[in-house]
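Quick heads-up: the structure tokens below are two forms of one chain, split into structure 1 and structure 2.
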Structure 1
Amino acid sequence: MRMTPALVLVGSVVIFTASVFAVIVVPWQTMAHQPSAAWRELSADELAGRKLYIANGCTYCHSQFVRTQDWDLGMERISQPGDYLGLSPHLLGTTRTGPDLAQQGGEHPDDWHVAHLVSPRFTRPQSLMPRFEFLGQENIRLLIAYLQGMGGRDADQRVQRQQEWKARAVAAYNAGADENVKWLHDNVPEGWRPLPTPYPATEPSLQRGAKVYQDFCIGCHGPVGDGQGPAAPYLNPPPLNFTTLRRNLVDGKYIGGILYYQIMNGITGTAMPYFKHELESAKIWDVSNFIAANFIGFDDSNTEPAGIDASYEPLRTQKPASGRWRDHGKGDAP
């Protein structure tokens, strides 16, 4: 085929037409003309927060678009065209240096967001996100309003639940340390309370637990587990002080199942988030062993009811590294 002026002209027209179709016609056909079930108009504070979100480049690291292939990331709802009705420009984003924020509203209470925006490493020790303390408290409040609105009506329900549980959590904290712990324990399902940590607190378990604690917990609970991490001044109620829990042992021990449930499911209304989408079961048990052995001063690991041991575990007659062990619930091992 010879390259003639006519062929160049025809080819150029074809390419131009295809480009217009792909860039203009197809997106126009898929534009939402009806709101989704979750959509609602943004409030004045949320719109102001959205402007701050754009001005500070948040969209470069956080997407707002959950695709079908994202289910494995713990997403709860696939994004729909009607979610973005009336918003211009759309802030879908193309990079997920940080987590997707399409359904962020109500995932955390406001005080967690304050600590996180002042210094992200206060709440997420491994975060790459820059500090936004320079915005000032009023702008941080507006930015949080926008974040808490992400998800529309679904987010509103989560935010309301956070506020309802926060009122109860603050009341329990103000009632005193023992009443607070009792309230926390009472809100763990009964089946979890008598469950001991099934994995022994061996030296490898404690080392793995220490790594999980440093990566996820130290910003709030502090390096010695006293609840005095750098995020603590921003949080109400404050993070739990593990070092005072020895007096709250149940039947002579602090139940491992309680720790596991609270780490897995979080404590809604407080700054304690859930970690079931980030930590597999073994890591939650390992960090439970670490907290129990190093901060509470007693662990109930590998006691009855125990079932069949995993293949990598030492013999149950072998004393764990923590030095605090019960021989099938019959007393301390020699």
Structure 2
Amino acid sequence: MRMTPALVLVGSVVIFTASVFAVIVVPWQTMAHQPSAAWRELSADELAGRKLYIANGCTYCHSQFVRTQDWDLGMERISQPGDYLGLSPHLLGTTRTGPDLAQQGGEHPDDWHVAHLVSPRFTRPQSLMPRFEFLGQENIRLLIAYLQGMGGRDADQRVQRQQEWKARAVAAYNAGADENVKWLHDNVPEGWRPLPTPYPATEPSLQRGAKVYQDFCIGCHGPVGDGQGPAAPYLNPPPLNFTTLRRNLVDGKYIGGILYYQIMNGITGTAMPYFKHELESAKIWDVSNFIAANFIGFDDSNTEPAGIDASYEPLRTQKPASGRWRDHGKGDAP
């Protein structure tokens, strides 16, 4: 075959055109352009927020589609073509350096997002996201409006739930420290309340707990557990001061079950997220032990009812009358 200019030119253009037809025009014509059940129009604020999302390249680290293999995310829904109807440009993303945002709406209340955008490490100590304080208050508000709309109608329901519980949480906080704790306790299911931490607060457990605390909790609750972390000024209600729990133990002797439940499930309406996707059971118990031992000054770990000890646990020492494990941290048998 002799490669003449005409052959090279015509051949290239024909192949290119055929390809465009096959992989662009045919999908264009054959795909169903129907909205999904969750789809809705974006509001003016949300569209303005989307422009900020585009301008600042959020799409380079945050994907916007849940894949079939994304079981790590614990999402309730795989993304569908109808979720993206009319959006231009698409923002599906190609890299997931940060979390996927397809269902971000209503995951957190607005104030969490404000703190997070001012400095991502305020709420997420290990984040490597840049600070977006430079956007200014109004633009941060618009960006958050967009984030809270991600997930369409599903997101709207979650946002509404956040708002309802926020009103109650703020009212409880305003009623005073002890009323606040009482409200928090009352919203933990009955079975979880008179429940001690089943694992002993040994030194290794406390060290593991300290690591979890630093990686997940310190930005809001602060290094001494007084709720004065760097994120605190942005949050309403502010993060809990753990020391207020000392005088509000359940039946005067339990706190482990409450800590576990609140860490696992979060407190919707407040900036306290749920951690059940990120922390395995043992890590939640460890950080509960850490908080109890260091900030509450009381831990109920390994008291009755404790069931059969897990095989790795050190032998129990006798429980002193004070209700504290005097040797916690050592884990030695008597």
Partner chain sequence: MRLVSDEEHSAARAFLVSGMVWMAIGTTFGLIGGIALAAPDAIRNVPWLVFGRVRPVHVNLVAVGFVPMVLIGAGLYLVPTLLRTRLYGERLAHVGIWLYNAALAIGAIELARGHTQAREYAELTWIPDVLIVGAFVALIISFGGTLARRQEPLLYVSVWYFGAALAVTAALYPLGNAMWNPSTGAVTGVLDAILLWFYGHNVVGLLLTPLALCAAYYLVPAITRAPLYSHTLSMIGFWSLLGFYTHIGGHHLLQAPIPVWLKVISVIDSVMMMIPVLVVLVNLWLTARGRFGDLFASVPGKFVLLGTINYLIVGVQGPLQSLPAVQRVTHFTQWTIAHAHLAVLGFTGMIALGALYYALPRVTGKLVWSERLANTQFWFVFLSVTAFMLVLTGAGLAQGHAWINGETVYRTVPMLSPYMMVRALFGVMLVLAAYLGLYNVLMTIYRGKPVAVEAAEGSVRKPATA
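C-alpha atoms forming the largest set that superposes within 1.5 Å between two forms make up the rigid core. Here, a residue number simply tells you its place in the sequence of structure 1, counted from 1. Quick caveat, the model's predicted, so the values are computed rather than measured.
Quiz prompt | Structure that is the form predicted in complex with its partner chain (1 or 2) | solution = The form predicted in complex with its partner chain is the one given as structure 2; the other form is structure 1.
Self-check item: Core-aligned CA shift between structures 1 and 2 for residue 16 (Å)
Solution: Displacement of the C-alpha, rigid core superposed: 4.0 Å.
Quiz item: For residue 7, what C-alpha shift in Å results between structures 1 and 2 following superposition on the rigid core?
Solution: So the C-alpha of this residue moves 10.7 Å.
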